[in-house]
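Okay, so we've got a single protein chain in two different forms coming up as structure tokens, structure 1 first and structure 2 after it.
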Structure 1
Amino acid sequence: MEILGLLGDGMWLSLQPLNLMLILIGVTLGLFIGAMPGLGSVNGVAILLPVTFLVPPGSAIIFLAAIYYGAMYGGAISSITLGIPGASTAVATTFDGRPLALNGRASLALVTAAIASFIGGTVANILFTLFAPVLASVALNFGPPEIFALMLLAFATFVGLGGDDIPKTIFSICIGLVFAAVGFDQISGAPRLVFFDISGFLHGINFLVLAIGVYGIGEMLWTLDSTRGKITSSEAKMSFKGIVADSKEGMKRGWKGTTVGSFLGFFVGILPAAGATPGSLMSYGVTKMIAKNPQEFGKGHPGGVAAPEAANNSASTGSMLPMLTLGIPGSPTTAILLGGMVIWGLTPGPRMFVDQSEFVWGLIGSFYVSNFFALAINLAFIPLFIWMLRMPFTVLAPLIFVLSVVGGFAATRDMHDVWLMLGFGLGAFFLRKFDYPLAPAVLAIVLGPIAEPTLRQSLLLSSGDPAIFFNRPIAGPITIAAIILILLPLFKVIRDKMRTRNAA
């Protein structure tokens, strides 16, 4: 009951006129910042951080958290309507959101994304409120072996993303891992895979640059090629009855994805330095793996939209937990928020819930309020997003190209990355022509920079003994589950061959 009282006080504080106004402004700004390719929550919070010095610290963090929330919602918009991920957290949304839009079901995709985001955020808020200290201690028990085991489990879902062609899936994963290794070695500091000694490769390959190239430029080229000059605008209709019907259909077909994303996203979000991107990609893979008809994923399944959207919103709340309770940022965006809190004279850590309880519970209360207004504002703007799809593709194609180039440059402000993005777009187009799955490569380049250093750190801790992944209480079960999942396709191949021989 004490927690409910503190939460009530926090929500009342967040509903004060100044804080409520900042929440509305923050969520609306975040929605459009998230929808702009190349920006995302990190850049949005960083750009608007100086504005917060005009208001009290409590109101400032509420404003920045509202931007974070809005950006998580907004990332799905350009992923669905244009096929360009607004942020790295929305890449997985493109897998099924864009096909739905091309099939004239953009309203279903957008409504499903909004509702799944709301449910994911709500579940995460409740878990945060009830179990913050306990979950913080659990996250603290995740060392390099546990994090690598979790990444291995994520890799185990890749095979399901690539369909039945296992060799092509493995090739796609290997390509992603090669790109993830470009730049300086995180442990030795030595440069590696610097192709043709081009200095631009020294800072590595920015994931957002790759994602925009693959799903922006690549998607545009694929559409131009597949339509063979008969380019028309996507059919997109909008009505209140349609929203209600889409809500029902989205939840009926996407409830598994929403459930998986809400809980898995929060869990991954609380792990220091993980963030919402791995959580959303892992949730997509797990949802596809447990689906009755996994072959429908990638072609326009609401569950493929619900899972990553629930996950990235849940993870955004989860990443706040280690920041407040341990002083460790759970994502790049919370790292900026942590810096702002230090500037405002606040000290994140275990004592914050005691020494600065009004600030903490005001922030937690604002999570609930921001989540509600983000849903309302998102649904209100859906007609605008639908209108974008009514434009002829002869107008949309140049718009997609310009937004992709601007987004690719905005991510790193380096022309090398713009040329790289164009190269990725061409490469993705040809891979798709030859039926190579793109999703495993995208997932590999996200998780590679997390998996590799944790693998090497774990082996350094154990003097090269791989048993460290099996004899630890948390890492052991996760590793065994991952190995079983990796071997399942092999068992399936053997079973099918035995059936063929018996039939003959």
Structure 2
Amino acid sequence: MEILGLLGDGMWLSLQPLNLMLILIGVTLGLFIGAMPGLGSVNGVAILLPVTFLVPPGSAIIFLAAIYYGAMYGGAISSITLGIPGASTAVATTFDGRPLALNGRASLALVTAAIASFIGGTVANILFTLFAPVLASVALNFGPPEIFALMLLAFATFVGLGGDDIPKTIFSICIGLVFAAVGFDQISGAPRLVFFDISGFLHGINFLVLAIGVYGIGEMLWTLDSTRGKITSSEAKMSFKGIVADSKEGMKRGWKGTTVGSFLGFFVGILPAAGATPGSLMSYGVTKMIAKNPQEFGKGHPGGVAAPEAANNSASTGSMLPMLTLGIPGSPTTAILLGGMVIWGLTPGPRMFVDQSEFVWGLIGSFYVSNFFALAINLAFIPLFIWMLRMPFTVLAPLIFVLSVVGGFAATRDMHDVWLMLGFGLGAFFLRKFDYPLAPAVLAIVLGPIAEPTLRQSLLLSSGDPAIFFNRPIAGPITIAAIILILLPLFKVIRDKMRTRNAA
């Protein structure tokens, strides 16, 4: 009952005029950002974070969370109408969404995606409300070794479950952590890693400089190179009657996918390395596997749209769970949200549920409100979004670049950082070409300032004995789980080699 009371207060807070306005703007912007090829929630949140310094922190995070929500809905629009995923989270939506559009059923695909997203978001919100306070109360007992073990687990999931090249993933994590160490040593106060004695490095490398460089500049260059401007939009005629009919058909044929996506997406979303992209792909796979006619998938089945869309929305809420309760982001977008909270003077983690109860429950309340408005705005403005998708890339791209440069400067007000951001953007473009995953670096630069002091405090407590991470009741299992995850790819290699040998 207490939770319901707190949730009610939170929802009331999120319905205050300023917050409601920010939710509406955020969801609409998010829908547009998500729908644009090459842009996803992470780009929107990274580029727009500097403009939130105008409003109080509670309203700022509600605005950014609304962008996150909207972008998850929006990703489906370009996947279906253009055949190009608006973001990686909507890749699986193209499998059946695009064939439906090509068969003249774009409206069925769009309505199914919107409703599945809404159900996925609602299920995730309920699970979040139930789990978050419990997890936060457990995490209140955490000391430096437990927190560092959690950081290790977050990085280990990228290695074990990320699915990318392992040495490149580890390199990405380490370089993000090293960038986070630039500036001053937090304990001795001595200048550290001030490259070529350039004074701009003394204030460290702001995570936004890396995030905007990677997601604002690097990703746009990559999109310009990979799409070559060849984007064609499918027509989608929408009417109220049509929406009702499509809703019925979409739910009748897509309920299994929606159910699978809603639950699987949430739990996959909680894992730091996993998030919405693998969540949606896994949900698509499971739904196809349990379907009566799996051969229909890939040719235009509403279930193939419902599963990934329910999952990516559910996962986006799921990824907020470790961010708010443990201070560990579950996705690159939540990593940037977490960084923003630190800028606003808040300390994410279990103490927030005690010290900043109004803030936390306001945010949770806003999830419900954002989810509702994202559905309403999505259904009402689908034709408008499709029209906007016809905006030439040669107009959209310079707008994104301008926003990136202005946002990069506004974050630290130092031209040094703008140059650094351009360097990161160009570097990210080339590294992505060679399959270096960049999300772990962004996550690492956010978590670095927490990971290093907790490691040093832990080792100081134990007089330099690393056993402290193994012999404590909570830190021990977490550290062992992290080590298993790190070794998981190695186990897979050994297993494959043994299978090959046995087969021979």
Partner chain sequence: MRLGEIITAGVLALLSIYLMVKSSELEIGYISGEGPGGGAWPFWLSAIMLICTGVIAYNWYKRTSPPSQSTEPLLDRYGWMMLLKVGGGLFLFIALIDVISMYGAMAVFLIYYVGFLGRHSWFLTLSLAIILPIVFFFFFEGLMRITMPKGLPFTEPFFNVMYEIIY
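Treat the numbers as computed from the prediction; the structure is a model and nothing was measured. In this text, rigid core is short for the largest set of C-alphas that superpose within 1.5 Å between two forms. Reference numbering: structure 1, starting with residue 1.
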Checklist entry - Between the two chains shown, which is the form predicted in complex with its partner chain? => result 2
Checklist entry - C-alpha of D9: shift of 2 angstroms or more between structures 1 and 2, rigid core aligned? => result no
Next on the checklist: Using a rigid core superposition, assess whether T28 undergoes a CA shift of 2 Å or more between structures 1 and 2.
Outcome noted: no
Item to check | Displaced residue check between structures 1 and 2: F470, CA, 2 Å or over, core reference | outcome: yes
